[in-house]
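Shown here is one chain on its own, the form predicted alone, set out as structure tokens.
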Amino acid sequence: MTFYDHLIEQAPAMVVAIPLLFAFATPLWFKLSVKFGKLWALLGVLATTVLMYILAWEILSEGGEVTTYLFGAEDSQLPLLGGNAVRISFAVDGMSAFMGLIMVTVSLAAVLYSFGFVKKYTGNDKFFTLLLLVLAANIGMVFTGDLFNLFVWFEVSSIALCGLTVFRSERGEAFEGAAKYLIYSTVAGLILLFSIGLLYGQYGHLNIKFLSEAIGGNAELLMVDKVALGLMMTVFALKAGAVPMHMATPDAYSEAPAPVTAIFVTASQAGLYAMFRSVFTLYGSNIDLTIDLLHAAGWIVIILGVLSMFVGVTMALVQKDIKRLMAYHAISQTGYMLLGVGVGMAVYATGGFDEFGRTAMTGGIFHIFNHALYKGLLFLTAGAIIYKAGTRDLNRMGGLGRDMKLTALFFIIGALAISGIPPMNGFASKFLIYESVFQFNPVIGAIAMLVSLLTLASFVKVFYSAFMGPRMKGMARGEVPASMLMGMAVLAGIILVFSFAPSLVVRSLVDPAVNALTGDGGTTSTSLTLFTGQGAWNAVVFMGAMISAAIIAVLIRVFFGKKGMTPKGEGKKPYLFGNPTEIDGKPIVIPGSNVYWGFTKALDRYYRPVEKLHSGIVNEYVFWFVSTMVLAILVMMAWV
């Protein structure tokens, strides 16, 4: 066996072991010097990234074939339960590899960005140690083959993120946000452990594969099966920040340092992974027995997705704190992933799955990677804006585009992607969701498209407030440090690759992930047409259409002259939304939070009760979590 073969054989364990090892050794290197410590942390993330990409290549090139890694002694030295050895295992398939790529990619960008971002702070050793721990925990969650270690990595991730949220913050709100997130995570962790205990008490297994086989051995679904799934789904929906269990998410996201918020996004997506894995692998493998349960679970996930999309985007629209605005958008975008995969769940193993269910799932899974890229980028650009502006308030910003041209460019890339503007990667995944969900339910499809329009409106507001207009007094001049630009450039570059080669991404990354969950073995249509009826999208066709339109416009201008053009010298004074921006030569500055004042005022009857629900009282937040959990269980018990 060659060295490369040994490397691949040990890779599942090493991808988690490397960041753990580097995390515990990081404080020692910082004792030598801060520079050595940072380089050590970067080396750890870089090594993990390279190994993860090699492992993913091997797995995905084989169509997502499962790679299993067993820890501990030989089978003969361990007691048996039902003929199976009690061992900790990793099971890496197409979906696990897909998620692992997300974790390492965003973490690499965040660590690069952190070099300049945390330079002015002390305690860098603790910061980078916790970053490495979160990376290890997130990969552990998506690699683990047993439920108990899923709980362990869930807890490690939550605790490390709480510590990072309050890193060197002078704001009391940061401690409040971390406390809420810790309480939420603790309650969720206890319920997750209880659900695992229910299944272990009934079947005597913790391994997901063995549990699935044991559940399939029943003549009918037991009450414990329904309760356990309801508990796990709500816990993982909370981890992902789904409405109405999102209450602590904007508090924690908005207060965490920018690179930490990007990591937060990957942690929430680990929660999505755990939910999808529980439904499809644990229960969906026995489809003849669990088809009604999956149908009920699918509708629960769809409802959570629609609520997350709409509540998240409407709450973002009224924010004047740039970090809080982006935190609500993270919740809104999570709704797209829940919606796409939820539709796949609801029609799993039916004719509808072949018609549009697989396409919906492909869109939802593809959107996970897209969201990690553009949301991570937008959080990093928000950190850069705050770094230079010295404030998070959109009303007190302005004119940053004069000095921060690269940051403005990266922001535009992220904003276009999250808004689903073609040909960006966000549109590629949303288009799959739009067309397939519309076939499932036209009303829900229309809501998904409306949310994208409101998303674009929010980011127009942010760009106008931060980058346009006169430069505000007291703001620092120049660009952010080079390392921060490098971190943003990593994500922006991958967004562009995904934008112009979406068919390649779907074929190479997304289809194996979908097949790993469903066992379907199919592929998503990627033909070179604009509208195929299957949600396919190809950027080359769109770019050809845009270039053709531009050529036609130039020809019209050349051959038909300049009639109707504004006379030279007129229109020098710009107008904003039909109103002059100057009075007697003095500029009018419209605060960012007032750009859509009329629109939000018209929806006052909606906003007043929704704002009351965001009371800031953690007891009420826990109440919403428990209520959602009880309702999910009742629905499953009544439906099945």
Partner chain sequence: MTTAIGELPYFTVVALLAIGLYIILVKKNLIKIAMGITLMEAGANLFLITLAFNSGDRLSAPVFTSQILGGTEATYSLPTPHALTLTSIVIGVATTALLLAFVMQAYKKHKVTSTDEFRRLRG
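Numbering follows the first chain given and starts at 1. In this text, all values refer to a predicted model and were calculated from it rather than measured experimentally.
What comes next is about the form predicted in complex with the partner chain, which is not displayed.
Proximity to the partner chain in the model of the complex, taken as heavy atoms within 4.5 Å, picks out 176 to 184 from the listed stretches 378 to 386, 176 to 184, 542 to 550, 233 to 241. Contact check for Y328: a heavy atom falls within 4.5 Å of the partner chain in the model of the complex. Looking at V626, you'd find a heavy atom of it within 4.5 angstroms of the partner chain in the model of the complex. Although the partner is absent here, F151 lies within 4.5 Å of the partner chain in the model of the complex, judged by heavy atoms. The closest non-hydrogen atom of G521 lies beyond 4.5 Å of the partner chain in the model of the complex. The partner is absent here, but in the model of the complex a heavy atom of Q319, alone among S419, N286, Q319, S89, sits within 4.5 Å of the partner chain. Distance criterion of 4.5 Å from any heavy atom to the partner chain in the model of the complex singles out F194 from the list Y121, W299, F71, F194.
Residues of 198 to 237 that come within 4.5 Å of the partner chain in the model of the complex, judged by any heavy atom, are L198, Y200, G201, Q202, Y203, G204, L206 in sequence order.
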